[in-house]
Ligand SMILES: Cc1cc2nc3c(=O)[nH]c(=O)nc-3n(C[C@H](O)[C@H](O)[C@H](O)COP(=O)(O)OP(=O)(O)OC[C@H]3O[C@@H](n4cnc5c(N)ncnc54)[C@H](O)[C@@H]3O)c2cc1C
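In the form predicted on its own, a lone chain appears below as structure tokens.
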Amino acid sequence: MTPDAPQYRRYLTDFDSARTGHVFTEVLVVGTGVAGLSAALAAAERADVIVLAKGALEFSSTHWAQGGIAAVTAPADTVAQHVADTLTVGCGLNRREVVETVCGAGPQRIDELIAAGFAFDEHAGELALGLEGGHHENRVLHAGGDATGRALSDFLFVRAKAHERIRVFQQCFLIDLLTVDGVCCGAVTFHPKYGHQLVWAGQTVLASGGYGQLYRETTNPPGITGDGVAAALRAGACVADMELVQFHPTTLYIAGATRALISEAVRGEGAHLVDRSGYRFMADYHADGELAPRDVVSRAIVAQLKKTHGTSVFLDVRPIGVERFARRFPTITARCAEFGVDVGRELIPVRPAAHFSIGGVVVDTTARTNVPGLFACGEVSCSGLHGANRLASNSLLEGLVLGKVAGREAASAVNGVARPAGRLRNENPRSPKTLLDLADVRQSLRSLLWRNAGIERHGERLAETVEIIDFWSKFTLDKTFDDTAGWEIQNMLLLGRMLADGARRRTRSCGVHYRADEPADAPQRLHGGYRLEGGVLQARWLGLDFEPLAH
């Protein structure tokens, strides 16, 4: 840490339990993606549950997911092969016990979804199984062609809304997690209609998603700003692997358009990657060509752009066939048409963008954090499942499996509902410093991290990045805001610092983390962890089982 590193407050906002509204529940779940809804449904089997959604349902990363769910359902496939593929892509940084648990439970979770009425796509009366990068078998199930996430999200949300023991609070922003004597007792929240509220819970499950909006180029919905990770850190949780961010190789690249995802399943169906001259280049970088792991394809695209001085490469989907492509990928077909790209005759311009947050809140094999009363699952967590690079379509599987684990364990741990014992309040001192323009800071932070902590990284640039973020932090973290824009940028500055500092400290390339200025051999088989101690960010290496090592 630099000598003049910023101080971080325990709570972002002022509140007084004597003047603030209170809500009570046995289990609080933060997030309405696949992990949060799976946790809520599992917990509701034996406990009353409140689910907080930051925005509307369609702004969860699950709702935007296209590819599918990786699980062993074909007779020729095996769980052992799924485990092996996950470990290989993860570059040796996986936690094997978690990998075996998630891959092993996959078939059962799929059976449960089908039994509950969820309709996967079929071909000739059998489940249609796709092939994606890093997989050695066709094992990716999908629904609605390229709308698996939306279909799954809608399905689970309908079930949660209909459950008599689940209440869903939409448009409810998590400001901070409440702790009393080191135990998590719920959350401090904000709702546009009801204002600040204290939600008291016997157990809390964090499933609020990742932090993809730290980058200028991202496939993530606008609200994915890492609020849950930041709140957990302020509450005393250990966070790890923040520098491990997966970049999706193929997002639609058109000036003025959002970076819409072009699913990896497109390449799995036979599409080719070509450069501006029409040259199919992936064979020059990896034996698996277009189906190499995502980190390999992303770096190959960056390298090819440098060679050809292009702004994008292109997906040639014509080998798939126009009718077949439109039937298999209706969402992508429609999105391309919106921007005047006729996939039957034209190439689709693509380039990488930030996609998935591998780092997050450290959890054990039962989804528990180091903070009593707090669980975490899904993209907000760091379970060790993905290692240094996520295998395609393992994210929805993770949410289904570990979300259920978190909900079940949280409900089992409930011993009544936490209630305020005396008056609880927080009042931050007023800052005399200049207030920076928050929109400028946000835009500049995202651009800075894209340039200096993106697909290729250099030690000197990462050190500069930390210094710049510290400067912005000194004039932003000392303020007390009353709106989501202020709280989001405070969270983003905290997470951005850990991301840049973690990338600086990890001097060996590994998976999604590529240091262009350091050799790629002998990667550091350790996890980079962070804690807040007395308002100061402390970094230390963690072992493969997340046991603390020396500073």
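Computed from a predicted model, the values in this text were never measured in an experiment. A residue's number is simply how far along the shown sequence it sits, counting from 1.
The same protein also has a form predicted in complex with the ligand, omitted here; what follows describes it.
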Taking 4.5 angstroms as the heavy atom distance cut-off, pick the stretch from 215 to 223, 104 to 112, 193 to 201, 269 to 277 that is near the ligand in the model of the complex. 215 to 223
Suppose contact means a heavy atom within 4.5 Å; in the model of the complex, does that hold for all of 34, 52 and 396 with the ligand? yes
Checking 65, 512, 498, 42 against the ligand in the model of the complex, the residue with a non-hydrogen atom inside 4.5 angstroms turns out to be 65
Answer with yes or no whether residue 360 is in contact with the ligand in the model of the complex, where contact means some heavy atom within 4.5 Å. no
Just to confirm, residue 61 within 4.5 Å of the ligand in the model of the complex by heavy atoms? yes
Taking the ligand as it sits in the model of the complex, is residue 139 near enough to touch it, meaning that at least one heavy atom pair lies within 4.5 angstroms? no
Would you please decide whether residue 329 lies within 4.5 angstroms of the ligand in the model of the complex, comparing each non-hydrogen atom pair? no
Using a 4.5 Å cut-off on heavy atoms, which residues of 166 to 182 contact the ligand in the model of the complex? 172, 173, 174
